[in-house]
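Listed next as structure tokens is one chain, alone, in the form predicted alone.
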């Protein structure tokens, strides 16, 4: 698919999403759509470190929590407007990512995943126990919403930000930086042997992914108007990883598809009642085993096969 067709496809997707507030009669589905768009931002950041660089980070939800609490607490204690606190959240998250990224990225493979898992656990433990600041497990409620809590207006805000963050991810992926990140995923030792400081690019991907998560956390906090540490645990980090894998790791469209799946699929399985989570887990396991290249990868393979048949005939 050439660039013009890709651009047209993205415009059609954006237009279809923009019509949701007018066509959805059940407002709960609009609520889920907003959550899915927030997860699109989260998954696009996860994809930069996981899909392009090849490092599986299990601290995404922890960074999301830092962004959510940063935006909330800055507004509470310094009376900043919502827009300023939302803008500050990714910057605060970036500082934490810089502090944790360099020691984490000194290890590779499963060891990196374990280290980032430990960081996520530490973040949750701090949020639970630093009650004077975070209110512990009780959480923080009555977080202000922009536009008086208008759900339709917030949908368009999140849609615009999700589109902007997706476009930024595409620019990074198609730049020289993106090419080096892909090279690191393929053969990090070879990248180092030709004089490229791989650790700088890995740290860049880690910090940018954290900033995406921080923005997603701030949007989540001001949408739900309530946060507590449980929301930002390891399970949510695994959801971000699964969103990338299911949609298509190392693609731009993949995290968009995967984000909507991890939000809507559990809701679609509510008919199973007590077996819902078991079915959800089973579907995810089977999809990961039989579709390791994700939905986008499968679609590309099918299109390529169809094109070859057409050319042969």
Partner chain sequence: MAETILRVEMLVKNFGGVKAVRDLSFEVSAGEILGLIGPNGSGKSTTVNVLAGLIPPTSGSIRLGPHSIENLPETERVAKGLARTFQTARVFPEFSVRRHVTMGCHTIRRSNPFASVLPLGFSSREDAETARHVDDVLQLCSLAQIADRPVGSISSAQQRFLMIATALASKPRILLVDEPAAGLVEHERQSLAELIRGIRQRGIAVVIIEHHMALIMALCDRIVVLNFGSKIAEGSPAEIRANPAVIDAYLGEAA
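Numbering follows the first chain given and starts at 1. What you see is a predicted model; the values in this text were computed from it and never measured.
Note that the form predicted together with its partner chain isn't included here; everything after this is about it.
Only one of 187, 79, 138, 129 lies close to its partner chain in the predicted complex, with a heavy atom inside 4.5 Å, and it is 187.
The partner is absent here, but in the predicted complex a heavy atom of 191, alone among 211, 159, 123, 191, sits within 4.5 Å of its partner chain. Residues within 4.5 angstroms of its partner chain in the predicted complex, judged by any non-hydrogen atom, belong to 195 to 203 and to none of the other stretches in 87 to 95, 139 to 147, 195 to 203, 228 to 236. If you check its partner chain in the predicted complex, you find no heavy atom from any of 293, 298 and 305 within 4.5 Å. Not displayed here, its partner chain is approached by residue 171 to within 4.5 Å at the level of heavy atoms in the predicted complex. In the predicted complex, residue 241 stays away from its partner chain, with no heavy atom inside 4.5 Å.
By the criterion of a heavy atom within 4.5 Å, residue 163 is excluded from the residues contacting its partner chain in the predicted complex.
Interface residue remark: residue 183 is counted as part of the site for its partner chain in the predicted complex, having a heavy atom within 4.5 Å.
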